[in-house]
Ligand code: 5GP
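One chain comes next, on its own, written as structure tokens: the form predicted on its own.
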């Protein structure tokens, strides 16, 4: 196995764990499969070592992830603010999983920044704000934060197999962050997946629980979404926009649009897909996906206050939905050579 981190860094981590009495973990707003998978795998691993921790998420996470061992103990800051803040105030170590800067936690992050708590980052995104963290475990080319967690656990234990309650969330995180193994996959990642499958988990059951347990409303929303796809063949681009009213019409729940942005990439010759949605908070959320060499990370960082990975990124806009879409179309000529290549 490739050794991602130095023995010195692993020793620093172990020293922090051994000298901390109250440990908490957080992940980003709108937690996805890798966010939930990575924090639960790490929390379950620490519990196995006799170290208890509290997992806190900024807001709700999708129902299709709630079968994972440990989700029943996750605290949601949006609903349990006072309790979460009491726990964080008493914490002396905070693990930050699957995000690169405290601002990605939004309101939860604003509270955390008022505390003197020591923070450890475990992440795989570009643009880490190093000043926010006492210790950083970050590797950008890696498929997912769950894959990084696997490497850390293996370096600590020297073993390639873990308990099923650790293997299941790790597999879920890797599977969802690679689009069911369709992008960001390396030979090393597949070796890790093989190791996890040997831990006694059921690949078929995990796939079914994540991808075959959607509501009727979600399926109807998907049909509506597909009908709204706009194609710009001269830029090999497709985009879709959904208003808050449209989402409400289909009784939208967190996670209902998971994976939608990838659908237009199934269209012949399309290399860029962008999904615009109106958020409850008043801004426009962008999800960007691409194939091949086109970097949505560059586009998102330059124009939409976002970032992520070369082929998968997010962003925000603080003008109206129509204005955001119009602006997006206006910048496409700048990227035409890279899109057509």
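Residue numbers count along the first chain shown, from 1. On a predicted model such as this, the values are computed, not experimentally measured, just so you know.
FYI, the form predicted together with ligand 5GP isn't displayed, but the following is about it.
A.B. asks: Sort through 99-107, 224-232, 197-205, 179-187 and report the only stretch with a non-hydrogen atom within 4.5 Å of ligand 5GP in the model of the complex.
C.D. replies: Contact-bearing stretch, as computed: 99-107.
A.B. asks: Consider the chain as shown here, without its partner, and state which of 165, 125, 209, 119 has a heavy atom within 4.5 Å of ligand 5GP in the model of the complex.
C.D. replies: Only one option qualifies, and that one is 125.
A.B. asks: Using 4.5 Å between non-hydrogen atoms, is residue 70 touching ligand 5GP in the model of the complex?
C.D. replies: Taking the distances in the model of the complex, the answer for residue 70 is no, it never comes within 4.5 Å of ligand 5GP.
A.B. asks: Does residue 51 reach ligand 5GP in the model of the complex if we count a contact as any heavy atom within 4.5 Å?
C.D. replies: Flag for residue 51 set to no.
A.B. asks: Do residue 62 and ligand 5GP come within 4.5 Å of each other in the model of the complex, heavy atoms counted?
C.D. replies: Residue-level check for residue 62: no, no contact with ligand 5GP.
A.B. asks: Taking ligand 5GP as it sits in the model of the complex, is residue 287 in contact with it (heavy atom to heavy atom, 4.5 Å or less)?
C.D. replies: Contact check for residue 287: yes, within 4.5 Å of ligand 5GP in the model of the complex.
A.B. asks: Though the partner is not shown here, which residues of 184-216 have a heavy atom within 4.5 Å of ligand 5GP in the model of the complex?
C.D. replies: Counting only heavy atoms within 4.5 Å of ligand 5GP in the model of the complex, no residue of 184-216 makes contact.
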